[in-house]
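First, one chain by itself in structure tokens, the form predicted on its own.
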């Protein structure tokens, strides 16, 4: 019987320098995409996929992130008193119960692999998920839910994968594909940020992972990889040599890189247009902007 995936690690220790000066005082993960912080999209996706324990790898200056998940009794009472039941329900959906969430500090910025390793004692000997909140995925069935369904058939390690133009492959971890089975591919290797023209495929790894505990043991060796950092992809690739299979999953949905300003803006427009209460007014405004742009040309 394969163990269920009930724990997820959220690496959120980064400084968010691409969003300065906003991130001088506000953690990037709680910057709002329409009316919800980035991290809420990740939490909602994890919950829908059956995750029960949420482990945040944080750093100094992230107390606002911790406060976001806490209960706000005075605000809840005020909304209840004013009869704002819909807002109250949304507020309560952002609460995390005691014991459901844990925080671990990453004291040095040594890379994604190191951030995941910091949570090793809370994972023990179980399969676990890793979700990068910067990667927001709009999908009918949440991406992690799709992956868990596929993982129940395959076991091993599984990473979310999407096709990227060859010239952009050097920005990602890339799969070396041994067997392509459609939505699932089996990898013979993984390369982190390959030099231009050397990528083994155009299948890039993005921020969703289901990993065997053996990956944490690989990370114990603390080997530096691309950029001088401890790379998670290197530890996953090491499992292949130890006969633990690694699969890529071509998810159904649209991924937005909210770690970049352009990606964040694109996601804001896309998610707002998907809302019944915002679509008409925003679409009208965008059409007007486009028309003005054409007139100016």
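Positions refer to the first chain, counted from 1. This is a predicted model, so every value here is computed, not measured.
Beyond what is shown, the protein has a form predicted in complex with a small molecule; the following relates to that form.
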### Message
Since only the chain is shown here, I'm wondering whether residue 164 would be in contact with the small molecule in the predicted complex (any heavy atom pair within 4.5 Å).
### Response
no
### Query
Can residue 275 be called a contact residue for the small molecule in the predicted complex at 4.5 Å between heavy atoms?
no
### Query
According to a 4.5 angstroms non-hydrogen atom cut-off, is residue 110 in contact with the small molecule in the predicted complex?
yes
### Query
residue 148 near the small molecule in the predicted complex, any heavy atom under 4.5 Å?
no
### Message
Partner absent here, but in the predicted complex, which of 44-52, 26-34, 266-274, 238-246 has residues with a heavy atom within 4.5 Å of the small molecule?
### Response
26-34
### Query
Since exactly one of 132, 123, 184, 104 fits, which has a heavy atom within 4.5 Å of the small molecule in the predicted complex?
132
